[in-house]
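Below, in structure tokens: the form predicted on its own, a single chain.
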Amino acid sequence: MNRFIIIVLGLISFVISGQNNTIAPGEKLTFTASYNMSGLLTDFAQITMETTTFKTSKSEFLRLRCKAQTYEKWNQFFAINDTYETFVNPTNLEPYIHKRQINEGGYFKKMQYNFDSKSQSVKSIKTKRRKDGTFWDEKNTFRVSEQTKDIITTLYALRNSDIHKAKIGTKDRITVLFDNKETEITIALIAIETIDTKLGMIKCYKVGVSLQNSEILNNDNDNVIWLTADKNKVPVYVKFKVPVGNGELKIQHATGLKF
């Protein structure tokens, strides 16, 4: 599931806008996740992405939250209950705190990143569960590149991008922080096409994703995301392939969009 989330969320824009003009609180996107089981694509989980306002005594943040959970009938085989969330500056989507909790088939892990943009460093806390049920923490502090983001902020930054200014075939490389490692991802604008979705026939930007530094991206790329070709740039369809199989994400509902 971790590789799956990287592919689904590991995207950023070709031209980043410093000002947040797209993402507002109150938005909710719901997807059905399907996986190839015995040669058939089977719906096995629901993924929900939500934005809310989070206030402290000193600051106000935009909370970006993504939750993946298996449908009840699959829990007896392999239950998934994962939560990713990041607290960002609502003005420019700069991340402050990122939290990830993985609970998959008895495997449990928590990660927290505290970003310090001034020093370009991150303080991380990893919590894991031992076989006897007790927990242990591993703490680290390390430097990151200026544009490195967590995977949740990365996706929302893509939606806030000026991708409409990119030409077909434009490629770029970006860096995502995952499991205390900076992972380089190659992206490309493959095409602009209209696809059939639960929300109707929608014109979309077709963006290819690769974890290989020099792989050529084309219309047959295994990992692709379709973003609505409008101001919201909502991800409506995703195809992904991992070493153990392939799957899809299809949007079911979209509410609270800014435009």
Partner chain sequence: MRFILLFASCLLAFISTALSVLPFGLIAFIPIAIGLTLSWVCYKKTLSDGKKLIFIQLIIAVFVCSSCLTLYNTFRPNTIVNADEASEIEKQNDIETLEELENLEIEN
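Keep in mind it's a predicted model, so treat the numbers as computed, not measured. Positions refer to the first chain, counted from 1.
Below: the form predicted in complex with its partner chain, not depicted.
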- [ ] Name the single residue among K128, K99, H164, K171 that comes within 4.5 Å of its partner chain in the model of the complex, judging by heavy atoms.
- [x] K99
- [ ] Sort through L199, I192, L40, I195 and report the residue having a heavy atom within 4.5 Å of its partner chain in the model of the complex.
- [x] L40
Open item on the list: Using a 4.5 angstroms cut-off on non-hydrogen atoms, would K110 count as touching its partner chain in the model of the complex?
Closed with: yes
Task: Partner proximity in the model of the complex: T56 to its partner chain, non-hydrogen atom cutoff 4.5 Å - done: yes
Open item on the list: Under a 4.5 Å heavy atom criterion, is F77 part of the interface with its partner chain in the model of the complex?
Closed with: yes
TODO: Check whether K139 has any heavy atom within 4.5 Å of a heavy atom of its partner chain in the model of the complex, and answer yes or no.
DONE: no
Task: Interface stretch in the model of the complex with its partner chain - options 69 to 77, 156 to 164, 182 to 190, 139 to 147, non-hydrogen atom within 4.5 Å - done: 69 to 77
